[in-house]
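Before any questions on binding or motion, here is one chain by itself as structure tokens, the form predicted on its own.
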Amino acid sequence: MTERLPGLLDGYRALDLTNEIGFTCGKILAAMGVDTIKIEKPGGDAARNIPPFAGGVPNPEKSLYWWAGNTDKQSITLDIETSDGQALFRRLAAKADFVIESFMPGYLDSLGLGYAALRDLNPRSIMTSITPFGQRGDYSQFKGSELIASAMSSVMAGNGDSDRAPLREGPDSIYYLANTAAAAGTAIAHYRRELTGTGQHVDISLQHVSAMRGSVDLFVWEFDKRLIKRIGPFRRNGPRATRWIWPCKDGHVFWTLMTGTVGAPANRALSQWMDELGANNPLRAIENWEKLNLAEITQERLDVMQVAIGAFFLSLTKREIAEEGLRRGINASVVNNSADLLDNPQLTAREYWTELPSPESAIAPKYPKHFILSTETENFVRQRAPMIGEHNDEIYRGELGLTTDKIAELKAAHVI
């Protein structure tokens, strides 16, 4: 049996106080080896009630959303709004390396558990806060969500068809992006701590991180005072809008008409394939693909070509387009769904999937196994998400030394 390599951050501990806004940061740190303790209110985190559920019946132990966002974590129940809960949290925080939270700015300070208090307990502590608008500014006390951050960062303005309202991305792309930034910021703060001996407060704003994605559009506005309009399944190609997402028999594929010497081989190959299958083919009229210039083609002629291409793709399956397109050099890419991903040969070849059995499910769901691969460390997802308070005994009795009577007293008072 091959010996397990260490994780990138083995030997460190994080206390995870986040809701769904910040789950993934702790999940990433846990996969890198951080001993991550998810702290839930007695009875379980409210996010355990987010659907869908295994078996289709609402159950806080069967939320697939929870399962996906909390792998490799331990769970303890603790009410930090009580004085006893605050005392227990301070004992844990005094020895923790990271604290991750997603409360409204100022909430933890009001409990005496904010960054200043943690720094007094442990100068090496790193607190990472993930909130809709950050720790300061006019909007810092505003509530928010993935949908609101998407709208207020201009991301939503670029999604959807030009003649319809903007659309949100999914699933929770803003949360995921912000959490990867939070995990990276936490790791960088840790690196600095190893050099200086002191921690710091990492401040992640969903709006900030999302707004960075629109840098090119911002430049266009700054220099030309033009707003880039959403155009749905099309893309700007010089003066024309060419389609890039096409429906086919069983889904969609990505392919775009490119001009000049770069696009000529694929365009010529597609035209030949259309001829071989007896499809309507106005592309045949183009004699020299290398000299094709969309600026010299009317939109009407381009539309005729694209209608024919669309009808051709619609007569084929995703697999036919992908396999024959690859053989011919057409460069068409399948728009994969979840079922496609699980069968994807490239992900299988990289051992991307791992099964994590759950006592609440008759099947062992497949999870993405790793965020990164490296030669000297193993940063793998290894453990299913914890059940409510699954590690209470291990932490409260085993680490903090609480007696059976004390634990029973705290449970009766709804502290744990």
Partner chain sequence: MSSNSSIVDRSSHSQALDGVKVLDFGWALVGSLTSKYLADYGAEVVKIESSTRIDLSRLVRNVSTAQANNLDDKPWFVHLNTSKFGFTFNLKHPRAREVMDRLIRWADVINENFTPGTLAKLGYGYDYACKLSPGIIMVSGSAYGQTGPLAHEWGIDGTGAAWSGYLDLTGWADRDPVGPQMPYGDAVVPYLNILAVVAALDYRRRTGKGQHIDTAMTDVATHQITPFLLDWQVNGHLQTRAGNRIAHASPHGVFPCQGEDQWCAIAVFNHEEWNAFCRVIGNPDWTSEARFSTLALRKENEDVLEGLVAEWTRQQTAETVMNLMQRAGVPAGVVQTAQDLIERDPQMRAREFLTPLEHPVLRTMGHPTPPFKLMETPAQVRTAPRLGEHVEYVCKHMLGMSDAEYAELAQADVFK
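By rigid core we mean the largest C-alpha set that fits within 1.5 Å across both forms. Computed from a prediction, not measured in an experiment: that's the story for all the values here. Residue numbers count along the first chain shown, from 1.
Another form exists, predicted in complex with the partner chain; not displayed. Remarks below refer to it.
- Looking at the partner chain in the predicted bound form, residues L78, M387 and I407 place no heavy atom within 4.5 Å of it.
- In the predicted bound form, at least one heavy atom of W244 sits within 4.5 Å of a heavy atom of the partner chain.
- Contact check for H391: no non-hydrogen atom falls within 4.5 Å of the partner chain in the predicted bound form.
- The shortest heavy atom separation between P359 and the partner chain in the predicted bound form exceeds 4.5 Å.
- When contacts are judged by a 4.5 Å heavy atom cut-off, H201 counts as touching the partner chain in the predicted bound form.
- When the partner chain is considered in the predicted bound form, only one residue from P166, P123, G310, G112 comes within 4.5 Å through any heavy atom, namely P166.
- Remark: of stretches 300 to 308, 342 to 350, 82 to 90, 269 to 277, the one touching the partner chain in the predicted bound form is 342 to 350 (heavy atom within 4.5 Å).
- Shown here without the partner chain, the chain has I50, P51, P52, F53, A54, G55, G56, L64, Y65, W67, A68 in 45 to 68 lying with a heavy atom within 4.5 Å of that partner in the predicted bound form.
- The Cα position of T259 differs by 2 Å or more between this form and the one not shown after fitting on the rigid core.
- For E296, a C-alpha deviation of 2 angstroms or more is recorded between this form and the one not shown after rigid-core alignment.
- Superposition on the rigid core between this form and the one not shown places the CA atom of G137 less than 2 Å from its counterpart.
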